[in-house]
Each structure stands twice: as C-alpha cells, then as structure tokens.
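What follows is a single chain, given as structure tokens, in the form predicted alone.
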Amino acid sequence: MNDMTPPTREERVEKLKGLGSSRKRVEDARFTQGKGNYVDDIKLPGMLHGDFVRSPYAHARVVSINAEAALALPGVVAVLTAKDLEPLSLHWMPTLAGDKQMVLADGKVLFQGQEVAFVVAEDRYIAADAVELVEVEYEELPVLVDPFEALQSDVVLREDLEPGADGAHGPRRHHNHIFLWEEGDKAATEQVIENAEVVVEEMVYYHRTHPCPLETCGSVASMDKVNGKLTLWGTFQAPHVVRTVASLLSGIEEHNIRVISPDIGGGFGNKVGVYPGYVCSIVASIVTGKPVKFIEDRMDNLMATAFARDYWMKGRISATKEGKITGLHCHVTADHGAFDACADPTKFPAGFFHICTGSYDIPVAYVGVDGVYTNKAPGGVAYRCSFRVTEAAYFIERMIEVLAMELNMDAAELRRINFIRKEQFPYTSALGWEYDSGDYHTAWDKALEAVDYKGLRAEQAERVEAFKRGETRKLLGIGLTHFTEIVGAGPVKNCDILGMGMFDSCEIRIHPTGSAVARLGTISQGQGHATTFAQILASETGIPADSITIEEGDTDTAPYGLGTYGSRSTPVAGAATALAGRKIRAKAQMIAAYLLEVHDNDVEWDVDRFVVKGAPERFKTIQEIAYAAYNQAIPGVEPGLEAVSYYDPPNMTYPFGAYICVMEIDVDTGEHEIRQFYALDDCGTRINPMVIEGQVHGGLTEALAIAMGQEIAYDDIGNCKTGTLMDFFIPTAWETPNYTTDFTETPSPHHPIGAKGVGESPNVGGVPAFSNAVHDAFRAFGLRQSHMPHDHWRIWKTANQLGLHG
C-alpha cells in the first residue's frame, strides 16, 4: 500500500467530523474522570464563606435582628443585614421581569426561605452554626398561597409598591395583581366561539415544579481593592448579563468586572437570574477585602431558588361537528410568588405562551394572562422550555384531547385534520408569530405507523371489555402529542432582557498550523457545546473538529452574548459560529487564489480546500492557506486569519415533534408502567445525532418526573412541603423507561445551516404525552380532566372517583 496515496473526498469528509457526524462528546473524558472544575472547586487564599439566615415564615414583619451571639462565635467575620447593604446601594436588585426585589428582607418577609441576613465566617461549618445564633423576632401576617384568593384578599403583600401604581406591563387592577397581558382578537374569538357548533371549556393546571439541577447555585467573589477589579465565579447561564447587572448594581465599571462561569452541573433555566447569594458574596468581599464563597445547599435550592410553571389555564375551544377547529380562547392566572422574577423577554411578561395554538391552523384566537403575587418563592424560570412554551403545549394538547372526547372522535384524526399544512409555511398564527417551516402530516403518519396505532387502539378496546368482565385490573392508555416549539430567542427587534438585546456571538482564530480556537457568548451546562460548535466550524472551514477548541464563559475573553437557555444556543450562537466560519472562508479564498495565481472567482470550495475550477489537481488546503496568512506577504490582504460574528436572528426557529406514550395503569394501586415511548423530533438540520439523542433522553426523563410525580407543594400557611429530595421526585434509572427516538428533517429557511434547536423539545412534548396517556386510560370511563402530577395516589383517587374500585 502506498502511504502517499492522497485521501479520497469521502475520507476527507469523514476526517472533518462535521455536520451530521455522531462525534463522541469531547468534554466527557474529564467529566467522567472527576476532573471538572465547578464553582465549589474554587479555593482562594484567605477565602471566607457565607450562609443565609432564612425566614421560617411565609409572611411576617421583621421586628428585630440580633447578631451579637453569632458575632461572638470564633471564626465569624460579619453578619450583614439590609441596612448594611443600603449604603452601597446593593440592598435591592432588579428582577429579570423588571420588578424590584430586596436582596435581604427589609422589614418584611414574603415567602418561606427568604434571605434575612448573611453570615460570613472562616469556613462553611462555622457560618452554618452562626446562622442558628442570629436572633430574629418576627410578627406573623396572613398568608396567601392561592392566586385566586390573592386577587380577592384585602391583605397587601407588596407594601413597597405604591397603591394604584402601574406595574412593569401596565395598570394593575388589584394590590396583589402584577399585570394583564393580552394577545389576539378577543372580540372576534368570543363571537366565533359563541356561534360555534361545538364548544368545550376546561381548566388546565400546570403545577409548580423546580429545575433542580445536580449542582446548586453558587458564587465566589474576589474584590481587588488595590486595582479596583472584581472577579466573580459563578453558576451563571448568562455570564455577560451578570457582569452588566453587577456593574449597574455596584457602580464598578464593567471593564473592571470579570465574570467566569466554570463547569456547570446543569442549568435548566434555574441559573439565568441573579440571586441574593451572588450580591451578598460581592458585598462581603468588598467589605472584608477577602474572597467570599456562597454555595446553596439542596434545601435552599428547592425552597428559595426560582421555581417553574404554576399556571392555571382556562380554555375554550370551538369546532365544527366534523372536527375542524374554529377558535381558541385562553385565560391564564399565573402565580409568580413574592416577586415578579420570571425570566422572560421584556416585551412578553408571559413569555412565548401565545404559541398556545400549537401545531394547528386555528383561524382566530385570544390569550390573556394575569400575573399574581402570592407568598411563595419567586422565579418562574423556563425549566427546559423556551419561555412558557411548555405550559402552552400542555394546554393545547389537553384541549385537543377534551375536544376529541366531546366530538367522540379519534384524537389522532382530530389532530390530523387541523394540522397546519406543509404548503402553508411560513405560517402566521392567529396570535402573531411566523412559523418558519414544518411538515407535520409526514411526522404524524410516521409516528402512528411506527407504533402500530390501529393495533394499539384495538388492544385498548379489548382491554376495556376485559376490565368490565373482571378479567384484568389494568387499563391501557395511549398518550398522543404533536407539539411545536418556538426557540432561538431572539431577534433584538422582539426580544430583550432588562433592555439587553438577545443576539449572540462567535470569535474564531485560526492558528498558522491550521488548528483553531473559537470563543462564544454562550455557556454549556451539559449540552455538549465543545463538541457540536466545533462540528459546525469543521464543515464551514474545513478544519477537522478535533483541531478546534471551543471556549465559553469568561467575559474577559469571550465576545458579548446573552448566554445559554431556552434552546437558543444553536439557533443563535450556532448561526454566529457558521457565519464567523464563512468570513474565514471568504478571506481564505482570496489567499488561495493568490497562491494559485488565479482570480478569486476561479477557485471553488471543496470540503477542506480551495480548488481551481476545472483543474482538481491544483488546490490549496485550509492548513496551507492558514500558514500563508501569517507568514507570506499577500498584496491587499492583512496578515492573520481571524473573524468575529454577532448574529441577530431574523426570526425564531420552530422545531416540532410527534410523541406517543403507551402506558399500563393498575386501577387498584395507581401504579403505572411505561410500556413504550416513541419520540420523533424534527429540529431541522441535525448537527450531531448522538448529542440530539442524548438531549431527547434527558428531556423525556425530566418530562416523566414532572408529569408523574414532581411538585413544589405548599400548605395553607406557606410552608414548602417538598424541600428535600425525599419529597421532590427525581427519577433514577429504576423509574426511567426505554425511549425510541426517531426524526424527520425540515431545515429552517432562515438559519445559516438550517438548525432549529432541540434541547427543550422533549420536555415540551413529553409532559403532555405522559399526561394524555393517563387520561386516555380512563377515557372510556368518563375522565375528561385531572391535574398533574399523576402520582400513584392521584391516579388511585381518579379510579376511585370514577367508581372503578367496585
């Protein structure tokens, strides 16, 4: 064999490991060997540790705080209260929704677990001991945990808001009301529904839950008073935004603040916002002149750090007798807790909930959302969903099921006759968004065929008859879902957070030897950016992915970006990456033409090189071009091979999917067994099928948790009843079913490589699929709607209420 035989084109493509390649995740080698570097791994000389005194009450006045005993404990350095933060103007912070949240309670607490004082000590254990010695006198106040009651009560929760003052999004109609946000044609919708042949109405509740990442939130602040520079390490999903907010709050000029997000053990939206622990560690470092670390424990995280969901969605949907949907009306009562701290784009106080028409061609629709204050923890994060899309998908998929029951139609057929047709894209919904591309019928037919849908329905009918004859106590549920996501936030014209436009960025530097480093404004929390972004650049530049290093999370080195959440990294930063690669290629073309002594237009790109048209033996590889860029004088071309791209997308992207869950339910115990789960995703161009499959598996498991057991629950006086992992359901391998994944591929027409994003999809589509399976099992016995989570106790109660226990 001749070792000098040049590689074939196929071998060159294979070597790149570019788009479509199931390249193994390069970051996993160090993670699986325990060599990650997380915030709690950071140890600095003289570092102090902080811990919070938290309120045991959900609503109370703080009469007094006595820290003498705590300060007397050896090793305690300081106990900070709101009064200590005020001189630095760091006693309050803006929430992501534009509300005002006190960093430490200033005279009143509004939820159990609210931060009252910050103890700083020489080690974590001394700080925890000192927390117990801080004496706080409280005066209990009436508690409101029901949002409907809160809108009727005389009890004023936010006494700091002036009576009658407008909220961030317009007039407030009650002292516990935050905003009313409306979209669509209300009058036209009500008229259509009033005159419709068939109308169904239902209240659909998406309960309060929590992202619960493996790593809790934390930060390390180090103030260098000599040079006036602040360095802040933390579990930040948007490090540049944190830097800007930290500058605005502290008055320290932004160029003197360095924010670093090291490895992060899961985000899921929980680490987008700014929390009191971050601010207090900064203040404590400024006050003491030493580095200060704050790390949440698990109870802190579950009780006080940003919740998700908690939407009461009242829907009305109308249709013809043949099943053609004519209108959709939705009113949401959104429980935001003590502060309006939802991570939503500024112009959309309920996020992208107005995609609640889903995958269906609904001619007229209206949605109104009332935000409400209660005595619960604030937050409202988009837990593995893009700004309330999960709630929207659950709502419409439940309404479709209820309508199918009313019409006595097969729910799969009802969906089919109402899907937006392929030829209708780009499609503008009745609530204003333009869907970029889709082929729903193809995906739906493929899914139904894959699971033998007709066979399953026949088996289900036989099972019902056997149950009635007393031959079995198990029912069969078939959970159907077809969802449409809206991801890639977002166009600056539509999306900003606290006034910061939601573009993203990539900077790429090609070294003389042809390897490269690319830096982005995003930050991976387990999504595999180091693997997939390198694959995008491999296809764009011809440099093998293994020769490209991806760096994120350091504001001193990475270009400005809005971070990673809401499945925006590939649609936005991935596009910036592709465009930066194309800038590199454009310059490389000029260099290649010079080296080959031809005109620029006489060379063409081929995998990893520029080739003279009509003369394939004459070419220059990207490595040869890179070396020449640095070491050869080329007329009219400046040395080096670098590029930066800031990408403001023209539109969102709209991935979609078809999920089917087959579930066995034991009527007597309420136990369930997932017999089959089929998930077809269409996320446009597939960068790395293996990474996509991993994202789908993870998202579906989180969907299982939410639908079948996960809940943040409160009692009547605001005690959080699910503050430990003994109470808050996290699936293990034992509870996790097998998943069958599949795909269709409908590229986005406006994304540079056609990619749409997939990280949120399995949660968005999975929750209604699991829930619909439970409802479907009981459909033959008259169940129309029940509330999640469908734990064994609730399922047992449902069976009992339907009279199935004899």
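One rule holds for the numbers: they count along the sequence shown, beginning at 1. Here the structure is a predicted model, which is why all the values come from computation and not from measurement.
Keep in mind the form predicted in complex with a small molecule is missing from the figure; the text below concerns it.
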| query | Which single stretch, out of 86 to 94, 160 to 168, 569 to 577, 147 to 155, brings residue heavy atoms within 4.5 Å of the small molecule in the predicted bound form? | reply | 569 to 577
| field | Single option in S222, S437, T357, Q527 placed near the small molecule in the predicted bound form, where near means a heavy atom within 4.5 Å | value | Q527
| query | Only one of A70, A755, L48, V39 has a non-hydrogen atom within 4.5 angstroms of the small molecule in the predicted bound form; which is it? | reply | A755
| field | 4.5 Å heavy atom contact, I550 to the small molecule in the predicted bound form | value | no
| request: Using the partner position in the predicted bound form, report whether Y383 sits within 4.5 Å of the small molecule, counting heavy atoms only. | output: yes
| message | When the contact criterion is heavy atoms within 4.5 Å, does P768 count as touching the small molecule in the predicted bound form? | response | no
| Can F268 be called a contact residue for the small molecule in the predicted bound form at 4.5 Å between heavy atoms? | yes
